[in-house]
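To begin, one chain is listed below as structure tokens, in the form predicted alone.
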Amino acid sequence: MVLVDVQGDFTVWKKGSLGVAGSDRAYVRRVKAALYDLKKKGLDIYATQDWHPKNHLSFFTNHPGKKPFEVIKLHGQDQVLWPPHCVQCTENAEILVDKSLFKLVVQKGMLMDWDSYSGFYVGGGTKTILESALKKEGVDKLLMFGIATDYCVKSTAVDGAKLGFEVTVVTDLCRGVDPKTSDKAIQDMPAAGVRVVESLDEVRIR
């Protein structure tokens, strides 16, 4: 089980700089309840955490004259310029779930000049420890949900499938940046080998 980026800056509950629609206190409570239930059923829970330096090049504030959500070219690829978020060691970079639930917290996005939406990559093609940690434990199936559907959830799920894991994303426990791109992500993930379900009721645990 992988919980993706349920951090203060991505929630409206904590008035985050990138709080996404529907990420209120009730949503976080539902996530917590689901995790406690999955833990009781014997699943190991891993979490990803956006963990940016304050001078990260995905922040519009580090590009004079640019505005939030403008798109630039960075390393030959489109890069959305985000409001500063999940800056290392700040309150709203913290995961909003009891960390005792997690077998491992995997940080990403630490490289100043590379963005990374996927929990499997720090940035620039450099892997996090997530893949090796999962394979060391003999994990081959991943249940996944969190924030944001259209960015970090999708990227983590698709990369997981590419790396040989059987990935299932639970959409009613996800929240996205934009309804259109979130719907597209949900439509696109199956073509990348990711199973998409609406609720945990559709998932057979172990």
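All of these numbers come straight from a predicted model, not from anything done at the bench. One-based numbering along the sequence shown.
One more form of this protein, predicted together with a small molecule, exists but is not displayed; see below.
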Is there a heavy atom of F145 lying 4.5 Å or less from a heavy atom of the small molecule in the model of the complex?
no
Indicate whether W82 is a 4.5 Å heavy atom neighbour of the small molecule in the model of the complex.
yes
Does the 4.5 Å heavy atom contact test between Y117 and the small molecule in the model of the complex come out positive?
yes
Proximity of Y151 to the small molecule in the model of the complex, heavy atoms at 4.5 Å:
yes
Option from 46-54, 33-41, 159-167, 136-144 whose residues, in the model of the complex, bring a heavy atom within 4.5 Å of the small molecule
46-54
